[in-house]
Each structure stands twice: as structure tokens, then as C-alpha cells.
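Okay, so here's just one chain, in C-alpha cells, the form predicted on its own.
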């Protein structure tokens, strides 16, 4: 039995689909909202919430391998993550043999609030006593989905850090690597850094969407003070925001074109244009496009 946590997320949903299509093992999909998932045939859906550790016992019962991820927001320095460590603890208590955990590109490297938070997460995985594999992807191509609402309403699209390049990766490629690590040997103790096949800025990604949609979309990069005020109002801790800015503006982390996906999967990673074509319905509006 393979358990996929976060089964409604961009990576988790793809992983459930890919594992079900392969048919090599029974699949259990865990989500906080079972009613929101329409699983492939044969996939068992269970409710599970890291805020309810006692309720995780059923989700992990009988599981041999598990994909672990958490959408818990990064907390300020001194605050420790709780969700992923609780999933790790539940897996270990259930006797899970191997876990594949979703991390971030740099893992716990560095000396800021993000590194501290991610370091605690990775330490929980690597110190669990179970077999483990860490996945460290860069920016997700699916981040562009957050632009859909703006695109529905007009051609000017506000994108913070619009000109910061990154080698974005398709979540389906992350899922494919996770599936490989869950179903084949030789991945214990590996920390895989993952990138897409090209370096693009959000502005360049928007241009690809514009061409596919036949729209004159234009990126607007807001002032940093505006971005800061909005994110702090949204609950992002000040030291986490400062770490984000330092990583985004003050470094080139995540711009490397890495061979990992191609080496593991035997094919090149997906381009942004191909990802965009597959998800174009999310960006289309009913009737005629709105122009401003």
C-alpha cells in the first residue's frame, strides 16, 4: 500500500493519477477534504489532517510507502513546523518502510528563517529511522495558475518579482520522480534537486500564455514596498518575507538547469509551453477576452 498525503495538491493529485495508472500497488489518497477529490478507479480516499495527529492512525494503517508533503506556511525564526513532523511520526508508528518527502530547492541550507524551518522538516525525515528520499524542486510552473483571475479580468497582470528568472518545473515531473522513488529501489538517502528544462522569468511565461490565448497580456512588476505591505497583511512573518527577498533578489538560486529529471526518468522535463497548453482552460474566459 502506498499513501499519498496532500492528494488534492498540484504534486499529490498528479502522483495519485500516475501511481493508479501504473497499477503496481494499492493506492490510498489522504486529504483534509475527501469530498473534494474524484480519484481514479481503485484508489482509496481517506480523511487525514496533520492538525489532528490522532486521526492519522487510520490513514497510515497498513501502509508500506508514503509520499509526505505539507502546505503549512513557513513560520518565523524560533517557531518549528508541526505538520510534516507529525506525518513523519505517524508513518514511523505505522511501520512505514520508506517515505518520499517534498522539500524546497535549497532544503535547510542557509541562515535565514526559511532555511531554519526547512531544516527542521528535513531533519524530521532523515532522523525518523525509516528509509527516505527528499525531493527539492525549484519554482513550480503551476504558480502561474495564481494569475488566472487577473487574466480573466484584463490584460495587465501584476506579478511580484516579474523579471526574476528560474528553471521552473512541472509538478507532474515532480510526481513522476516521486513515483519512481516509491516504486523502485536505489533511492534511499537521496536528496534530488529538480529543475525544468529552461530558464524563464514570470514575464516570459506570461508571454507564452499570451501567445496561446491570443491576448496582449502585459506583466506589471509592483514596487517592493507594495509587495511587502501586502504579504505582511496576509500573515507572512517579517523575517520570512526578508528571507524571500534575499533569496529572490540577492541570489541566483533556482536558475540552474539540472540533469536530475532526465537522468531519473529517461526523458527531458516538460517545457512551460507544454505545461501551459495542458492547463490553458484555467486561463480562458467565457466569451470575449477583457482588454484594458
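Every value quoted in this text rests on a predicted model; they were computed, and no experiment measured them. Residue numbers count along the first chain shown, from 1.
The same protein also has a form predicted in complex with a small molecule, omitted here; what follows describes it.
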| query | finding |
| --- | --- |
| Heavy atom contact within 4.5 Å of the small molecule in the predicted complex, the stretch among 182-190, 95-103, 195-203, 212-220 | 95-103 |
| Whether 8, 50 and 139 all lie within 4.5 angstroms of the small molecule in the predicted complex by heavy atom | yes |
| Any non-hydrogen atom of residue 233 within 4.5 angstroms of the small molecule in the predicted complex | no |
| Contact label in the predicted complex: residue 57 to the small molecule, heavy atom within 4.5 Å | no |
| Close approach of residue 32 to the small molecule in the predicted complex, 4.5 Å, heavy atom | yes |
| Close approach of residue 240 to the small molecule in the predicted complex, 4.5 Å, heavy atom | no |
| The single option of 260, 248, 255, 70 touching the small molecule in the predicted complex, heavy atom within 4.5 Å | 70 |
| Sole residue of 158, 82, 128, 143 within 4.5 Å of the small molecule in the predicted complex, by heavy atom | 143 |
